[in-house]
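Form predicted alone, single chain, as structure tokens, below.
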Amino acid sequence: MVLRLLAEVRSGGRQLAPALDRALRELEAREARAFVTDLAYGTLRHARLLEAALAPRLAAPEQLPDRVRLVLLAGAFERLVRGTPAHAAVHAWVEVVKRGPPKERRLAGLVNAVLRRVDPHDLPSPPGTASLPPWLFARFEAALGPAAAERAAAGMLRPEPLWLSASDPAAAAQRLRDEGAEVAEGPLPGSLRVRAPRPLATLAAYREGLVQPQNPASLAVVRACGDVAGRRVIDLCSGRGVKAVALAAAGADVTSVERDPSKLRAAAANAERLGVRLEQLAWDLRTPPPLAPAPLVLLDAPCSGTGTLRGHPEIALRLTPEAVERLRELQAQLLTSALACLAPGGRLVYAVCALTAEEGPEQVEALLAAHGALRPLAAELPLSPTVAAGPGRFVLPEEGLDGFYVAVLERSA
């Protein structure tokens, strides 16, 4: 199963999260599900480090069958990162090779020798620097500074807990505990760190609308909008509506604008589960939508996702500098549409789950230079650690947080 997942992501262009979700339906035991999840995510997060550790012990790794290369990566992850004893990890992966096609079986001895000889000292250091393509780490350094860039990259190599948000965290926590979950307070009021006994969707706390999966950094973007009770809010590029339902639960009158109708349908179903109301509009925001200006506009723009490599490790395998530039151009168009939605005296909250200067501070600085009626406000992000950057702040992806850039702008009356 793990090799199939790794092949689908590395060679087949699939995203790991949905592929893994489908695969886990075949497993009932919690321990088996946890092992497959850790092995799949861990191997992909550490892929560049593992390849570097294996390279000195392989004469021509590019000539090996793809499946054998994946066995070596997964086996090296078990040995070097998980700390699985050699006799257990090596035997298991050698047996996998022996059960493969004839051209792979003859390589069982090679796999055995390589996995027995790899050593933690073979891993490059520092790990964050080596876990990313050099061009991408250079972007992190330019945006965050060298020390924070290394912390961010290293932080995304570590797993995150199940983060949930709740309008009534005490009631949600008790319901979860009644079902056997371990629950602790998250870093923000309303956020919960959870270890669930079975898949979230099967828990009553989820079915009854008490909780919503949401990283605290995403919840912090909502909190940056301030007191929204009784206010009209336009949520642009709303996706599946995670922030929209949080705004609605806080008392806002929310209009969600999203180009993809399937995402709007998912958001509507989620809003119904949570018992909140959303207005929705399907619209391509490269042009302004036909909406009356609102006092508060949230634009969580499409971006490189480089602050979410922990949960989406495939991004580091595929992202290119050219793709970042195309996204920067799109974000500039979307910001123009966002301004068309913003009433005089209103506030615009701009966010991206990216750790590049082009998509964050440089984007906002260009907007401020072009529009004299805008001024930056302090982005209230009650999370740690954060890094000031131009008109906003970066949330660093440590302690299970996603990385975000958030800026708050006010239009003169």
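For every residue, the number given is its place in the sequence shown, counted from 1. Because the structure is a prediction, the values reported are computed rather than measured.
Heads up, the form predicted together with a small molecule isn't pictured, but that's what we're talking about next.
Novice: Given the stretches 139 to 147, 306 to 314, 169 to 177, 254 to 262, which is the single one in contact with the small molecule in the predicted complex, using a heavy atom cutoff of 4.5 Å?
Specialist: That would be 254 to 262.
Novice: Every residue in Arg240, Pro302 and Leu330 with a non-hydrogen atom within 4.5 Å of the small molecule in the predicted complex?
Specialist: Yes: each residue has a heavy atom within 4.5 Å of the partner.
Novice: Classify Val114 as contacting or not contacting the small molecule in the predicted complex by the rule of any non-hydrogen atom within 4.5 angstroms, answering yes or no.
Specialist: Heavy-atom contact with the small molecule at 4.5 Å: absent for Val114.
Novice: Quick one: does Leu203 come within 4.5 Å of the small molecule in the predicted complex, counting heavy atoms only?
Specialist: Answer no; every heavy atom of Leu203 is more than 4.5 Å from the small molecule in the predicted complex.
Novice: In the predicted complex, is there a heavy atom of the small molecule that lies within 4.5 Å of any heavy atom of Asp284, even though the partner is absent here?
Specialist: Yes, contact at 4.5 Å.
Novice: Using the partner position in the predicted complex, report whether Leu334 sits within 4.5 Å of the small molecule, counting heavy atoms only.
Specialist: So Leu334 counts as contacting the small molecule.
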